[in-house]
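A single chain comes next, written as structure tokens; it is the form predicted alone.
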């Protein structure tokens, strides 16, 4: 682990994501053909917890190629905005929106760092601020994130976060039963590995990346400090990918085998502005 200045980590992470966008766009994992044909990428548990979005405005922070963003539009949101710091990802998202027949007034995408979202979106506020999954780990300062994210929540609106549990990020990658890293640590995990989660064998050159773990207490406290009221915090003993070697497929989820000590693997929260 090592420290990194803001320009260093930001540019390394952006370069890493930019290179992987065309790999992701062509992958069976994202399956753009099925998406354009009607596939909904919002997970059922998220749809249930967010509730009906008909007629609402929604912003999706760190949206990558925008499939979840556009799925909320399909679910009836009156206006959706996706924001991501990768220009190539935003271009793909705009292409998907056009392919679905959404005008920019209905589904717009902005290339900007999430820390600059308030300015990049011109001070607009939204009924729903949606973020996850696998987004917060790319940010070093959770208080700064909470300040920006909460400023986008309209009166009567809420922020919804679905994320991998920070405890799962510090367990061993083989069994998920032993601590290997510091849960409360503030230093980044620095990786320099080729490939990507849609193709671990992909040949890539921009491989340096920085990730941070944010304890749940830090996330909740940061949101509360910026005027949002916690409605719920749910923890789950399943996840959406093969995070540990021992996990077993259970429908759309992955769980530890029976008899294995179970740690929380994902969490969701909803925080509202009155």
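Positions refer to the first chain, counted from 1. Quick caveat, the model's predicted, so the values are computed rather than measured.
One more form of this protein exists, namely the form predicted together with a small molecule; it is left out here, but the text below deals with it.
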**Asked** Taking 176, 237 and 256 as a possible spot, do all three reach the small molecule in the model of the complex with a heavy atom inside 4.5 Å?
**Response** no
**Message:** Please tell me whether any heavy atom belonging to residue 166 falls inside 4.5 Å of a heavy atom of the small molecule, as the geometry stands in the model of the complex.
**Reply:** no
**Item:** Interface membership of residue 113, the small molecule in the model of the complex, 4.5 Å heavy atom rule
**Value:** yes
**Asked** According to a 4.5 angstroms non-hydrogen atom cut-off, is residue 196 in contact with the small molecule in the model of the complex?
**Response** no
**Non-hydrogen atom contact residue 188 with the small molecule in the model of the complex at 4.5 angstroms** = no
**Message:** Considering non-hydrogen atoms and a 4.5 Å limit, which listed residue (170, 133, 148, 125) is close to the small molecule in the model of the complex?
**Reply:** 133
**Prompt:** Only one of 159, 139, 97, 73 has a non-hydrogen atom within 4.5 angstroms of the small molecule in the model of the complex; which is it?
**Reply:** 139
**Message:** Looking at 177-185, 83-91, 199-207, 150-158, which stretch has residues with any non-hydrogen atom within 4.5 Å of the small molecule in the model of the complex?
**Reply:** 83-91
